[in-house]
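The chain that follows stands alone, in the form predicted alone, written as structure tokens.
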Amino acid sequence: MSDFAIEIKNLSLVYDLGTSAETLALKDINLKIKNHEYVILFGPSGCGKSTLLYTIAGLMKPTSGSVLINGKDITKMTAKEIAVMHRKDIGIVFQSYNLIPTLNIINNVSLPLVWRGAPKSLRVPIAKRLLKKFGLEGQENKLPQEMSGGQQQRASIARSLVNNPPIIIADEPTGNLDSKATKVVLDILDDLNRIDKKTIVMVTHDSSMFSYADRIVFLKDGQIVKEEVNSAKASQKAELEASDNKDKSTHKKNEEFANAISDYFLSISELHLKDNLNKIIVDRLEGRLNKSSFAEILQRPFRDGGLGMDKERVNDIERRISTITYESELLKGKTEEEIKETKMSLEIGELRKYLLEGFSKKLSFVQIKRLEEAISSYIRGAIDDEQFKKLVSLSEAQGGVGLNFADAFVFLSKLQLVLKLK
């Protein structure tokens, strides 16, 4: 897949070519628009910005040059191929809404799905979901003329999204709206770009809208005269992307941890509960379930959507999760260098107490110090799994902790759970 949603190369368009009314509308346009980018085409009336937009959409054919949508040159497509592209790749929002006056709103919004052959049982739920998303719930059976301009434009945007295209192009979408409705529509387009990762190309002559775009392309007399990058928006996007990546990384760690915990607590005959238990543990870690709700679901009968566990077992799971979460928080936020260079006496001591929780054998002072040394070496990355188990199971005379291999395996498993959440 191309890095660019749209590539325009040496594009020119002449109206009434070869006649006395010949007019140069676009001249040698070169423009690349990245996937998920928000670009505004800006300029005075008659500068060619709407013509360029309609050429991108395949609604107008250039005199020369090419337009690539997701790597495919639409200037070489047949009318049928362009129609298919419109159904899949591009959603169009017009200034004049272009809703069909004889169809109610839900039928207007779902119309592109009719052209794709989708049954009514599929069309209606999709259209309803989009109408709800844009604050039009309860308006499904109204005709367009029974709604305000802002409501009609939101319905128009919903219609452009019904096939879930990656690209949305909008021609003066707020031109007929008051300031309040304008902000609603602009916020919707902004959310579609930031949250839903849609590529947005919008034509406007209103410079107050620049803050929404990643880039502004200035046109005059059918040519691009300059481009400006919105550095504030770029900075915001970078921060949001970093936050999103961090959330995804944390979620993956939580899933791995939940998987390990469920392996520990479920018997072979209970493996059918694993997916449900994993999800419930992740919900607990990410704050969607508090302690009491977590316990209630685990104890709830299976027929009622729970896991049917007894109270003692549930308390054991909660206690184990709480302990490991606490231990991992001690290490969280520390860089690899900090872990290697800092003594971390508190953290190592707490981890040692955690490993010995429920351990029946009494350790000598020397054994405790050697266990802490093994823990420290392991979390610093100085020794691997096998070396940790060897240190724990070696005799005291050989410089080890002096426990057996089974104890070493249990200790290692407990440490690994903590590090999964670090």
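Numbers for residues come from their place in the sequence shown, where the first is 1. Computed from a predicted structure; not experimentally measured.
The following text describes the form predicted together with a small molecule, which does not appear among the structures shown.
S.K.: In the model of the complex, does G65 come within 4.5 Å of the small molecule, counting heavy atoms only?
M.R.: Flag for G65 set to no.
S.K.: Is T23 part of the interface with the small molecule in the model of the complex - any heavy atom within 4.5 Å?
M.R.: Yes.
S.K.: Heavy atoms within 4.5 Å of the small molecule in the model of the complex: does S50 have any?
M.R.: Within the cut-off, so yes.
S.K.: I'd like to know whether G358 contacts the small molecule in the model of the complex, with contact meaning heavy atoms within 4.5 angstroms.
M.R.: Flag for G358 set to no.
S.K.: Just to confirm the contact call: exactly one of 65 to 73, 367 to 375, 385 to 393, 40 to 48 touches the small molecule in the model of the complex at a 4.5 Å heavy atom cutoff, so which is it?
M.R.: Stretch 40 to 48 is the one.
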